[in-house]
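Just the one chain here, laid out as structure tokens, in the form predicted alone.
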Amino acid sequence: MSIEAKVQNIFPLEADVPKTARIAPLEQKEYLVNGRIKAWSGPRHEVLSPVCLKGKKGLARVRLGSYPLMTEKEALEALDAAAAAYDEGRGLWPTLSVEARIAHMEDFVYRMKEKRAEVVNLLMWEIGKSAEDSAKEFDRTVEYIVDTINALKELDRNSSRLSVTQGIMAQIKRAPLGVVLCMGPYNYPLNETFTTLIPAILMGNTVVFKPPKYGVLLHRPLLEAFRDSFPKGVVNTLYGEGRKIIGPLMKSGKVNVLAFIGSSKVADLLKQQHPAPHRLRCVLGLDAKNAGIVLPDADIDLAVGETITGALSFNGQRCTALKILFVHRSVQSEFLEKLVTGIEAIKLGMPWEPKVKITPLPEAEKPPYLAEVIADARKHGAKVINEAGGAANGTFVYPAVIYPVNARMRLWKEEQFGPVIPVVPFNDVKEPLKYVVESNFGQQVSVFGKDPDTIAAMTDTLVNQVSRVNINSQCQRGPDIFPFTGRKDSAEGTLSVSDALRVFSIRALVAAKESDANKKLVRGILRGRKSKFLSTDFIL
């Protein structure tokens, strides 16, 4: 069967869906606020899967259920609950000891793991991520929480002593910032949302949490875990249209930290609505146009393998995906031939199929958008060089390799966020370096080559333009202990297991002159364990 034929027959009949993968509609009529799961009787938004099924009337997206379309009233109710729980830093949660907060989080992890099968299946159906990758996302998230707990223990151990300098006794620890508004992305709706949500909670902040537009229902099984694991008001959930419910939160001035992963345009709009933007701490994961640079001496097989994984994992819907390739003309023929051959070997199909790599896309507007940028590239002299590249059927789009791409094309600057691979030929390494320097984005870059002098010289330029240079490997986030950030329009703040704890807190200290009276006073506080902050307790 030709690739075009496979694309046109990609979707199954309902009877062909394996029993183990089937899903019943989830009508979510609840939200969590101030420690209570409240019933919602208002309008709801219907959730449609990217997976389509064949029927008598043709293809139809599977209906997965619905979730509340909350209003400004409920949004402000959630915000007020978080603000009351924080109580200007006097609330139960921000004044709780680190050890006690960790115990609450460990209880949450236990409850979360009980919901693994349900969350993984919803993740697969809601965003079209393969069953294998959906399971990996859940497991990686659990691992991230455990690693964050361990990192917090180490952070607290390092500050469990007093310092004496120039006659001043002091204890320096980290204190929470206040109310955090958390919004994650649809491509990693569990993992990347939790990479901000979890450290924010652990550091003593209270949270208002809005799931991404795609990937809402998968959070429903965890509502009871949030409710039962944390004091009231620590975690509050929001659902609905962002422009209707997020604006009022920002305008209130009660949000102390904005944790947002999405587009820079939206982030700018949100920040501008805050009445005191200089007081707003921002943790932002934004746009990226990560380049891959294939040098004349590159191991072509290695470069092709890393490119396919880097550009097409989860259909290229990753901020860390390779989104434009620069290939030296001396190796372009071999590289492109092997790239096309490698793509043809990729399995396409439904997310529950074993070893599937290319699946349907969750955004209804994505297939027509990809068709537009491919047409624009053709208009300016490029071709689709792989068989059936860009072929579409409903929500499914087959990967397209576009060559040769130039600066007149939309693919030169726009982040396609989908299975389209633009390839640019070059003669001099100054050309791709110039592209990276002039780009509005500065997240990562991949360099493929063997010459140490060339790689070293390029690295010294690139580290001042992007936050991570990957040598002979794809762009990626992990391991989670490594810093994850970006320059220019790509990020604000740094995330990693340890960095996230710091970004959601501030260094604070208690200091006193080293007098006999103060020594007696401090000794009494410590020995009587009268303070949660001023303490030399060592967490094991």
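The shown structure was predicted, so the numbers you read here are calculated from the model rather than taken from an experiment. Residue indices: 1-based, along the sequence shown.
Missing here is the form predicted together with a small molecule; even so, the following discussion is about that form.
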Subject >> Tyr31: touches the small molecule in the predicted bound form, heavy atom cutoff 4.5 angstroms >> reply: no
Subject >> Arg318, heavy atom within 4.5 angstroms of the small molecule in the predicted bound form >> reply: yes
**OP:** Answer for Tyr67 alone: is it within 4.5 Å of the small molecule in the predicted bound form, judged on heavy atom distances?
**Re:** no
Original post:
Does any heavy atom of Glu137 come within 4.5 Å of a heavy atom of the small molecule in the predicted bound form?
Top reply: no
**OP:** Using a 4.5 Å heavy atom cut-off, indicate which stretch of 470-478, 506-514, 486-494, 38-46 touches the small molecule in the predicted bound form.
**Re:** 470-478
Original post:
From the list Asn187, Gln416, Asn121, Thr141, which entry has a heavy atom within 4.5 Å of the small molecule in the predicted bound form?
Top reply: Asn187
Original post:
Using a 4.5 Å cut on heavy atoms, which of Glu192, Asp156, Asp287, Asp133 is close to the small molecule in the predicted bound form?
Top reply: Glu192
